[in-house]
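Given next, in structure tokens, is a single chain: the form predicted alone.
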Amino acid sequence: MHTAGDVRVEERDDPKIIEPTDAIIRLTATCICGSDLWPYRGVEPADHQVMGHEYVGVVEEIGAEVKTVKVGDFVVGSFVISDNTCEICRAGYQSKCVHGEFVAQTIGTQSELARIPHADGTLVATPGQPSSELVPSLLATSDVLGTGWFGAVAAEAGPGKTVAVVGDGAVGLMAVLAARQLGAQRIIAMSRHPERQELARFYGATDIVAERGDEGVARIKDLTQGLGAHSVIEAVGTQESTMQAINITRPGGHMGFVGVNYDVSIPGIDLFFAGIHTHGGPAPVRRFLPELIQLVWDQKIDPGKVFDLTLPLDQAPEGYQAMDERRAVKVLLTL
């Protein structure tokens, strides 16, 4: 990304092994994330920035110290590099690894090849070579499904719970899927777009709320006997969505926030009197990857349906424009 709104597909030197813990992978598929739109819209700076952080592919080369993946393995990687052995990783927060780095900032996986540091702690091999039909769903586990799943876990979605999801983008839709898998009794998806409402119902939503702001809060209260939802997942990251999420969480309930937020200010007195639990941030996708990959492999979930536009990598600029204009939920890039 040369600057805001200016994405170009360019030739770069092939990556090489630098550290003995590195692996080189040849990507099979990658995609455009909603968070990629922040620099595209000028909210984050972009100056010839490499792009992309969701990826699946085949290992082509490994460093001398790599033990858990081998050449020829089909692998899924997290959007954050992690060693998976430090104290923070062992606590389940690999996205805050002491050796962590964001793939989007230093590597860029909207590409044919990528060097993945700390390969043992970042990459997970699939049980075998997947069919082409499974690739989109496996790609979803790399970030968007793992992030939605963390949002649901952070919100303590589970049996007997009413879950509300704020946001009908890819992460919000994956949060609906996760809440269903975790056994939620009722799942309320907040969405104003018919095609996204349809996907939300496919993934397990029992109710759709189209209203926003104060009207949205009132509608959720109406559906929950005036109490609010037990579990709320905030998957947008705006001021309005954050306050809406706080205000629809019942006293003592849990709000998981996974929408990347800028310039969000929560009045302390509002948070104090809400009396809720909050938990979130960059999702520790690596914690969930083995379980999510197996669910996809066994065809128990189909997160790949969240990709509603597929383009070759050399048409990535059109993919950015389609997502920016909300003509696509999520764009898959083929190689």
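On a predicted model such as this, the values are computed, not experimentally measured, just so you know. For every residue, the number given is its place in the sequence shown, counted from 1.
What comes next is about the form predicted in complex with another copy of the chain, which is not displayed.
Contact between residue 275 and another copy of the chain in the predicted bound form is found at the 4.5 Å heavy atom cutoff. Residue contact check for residue 262: one or more of its heavy atoms lie within 4.5 Å of another copy of the chain in the predicted bound form. Another copy of the chain is not drawn, but in the predicted bound form it has a heavy atom within 4.5 Å of residue 102.
None of the heavy atoms of residue 203 is located within 4.5 Å of another copy of the chain in the predicted bound form. Among 218, 98, 210, 71, the residue placing a heavy atom within 4.5 Å of another copy of the chain in the predicted bound form is 98. Interface residue among 227, 134, 125, 182 relative to another copy of the chain in the predicted bound form, by the heavy atom within 4.5 Å criterion: 227. Contact with another copy of the chain in the predicted bound form holds for none of 190, 304 and 314, as no heavy atom of theirs lies within 4.5 Å. Segments offered: 116 to 124, 173 to 181, 138 to 146, 227 to 235. Contacting another copy of the chain in the predicted bound form at heavy atom distances within 4.5 Å is 227 to 235. In sequence order, 87, 88, 93, 96, 98 are the residues of 65 to 99 having a heavy atom within 4.5 Å of another copy of the chain in the predicted bound form; the partner itself is omitted from this view.
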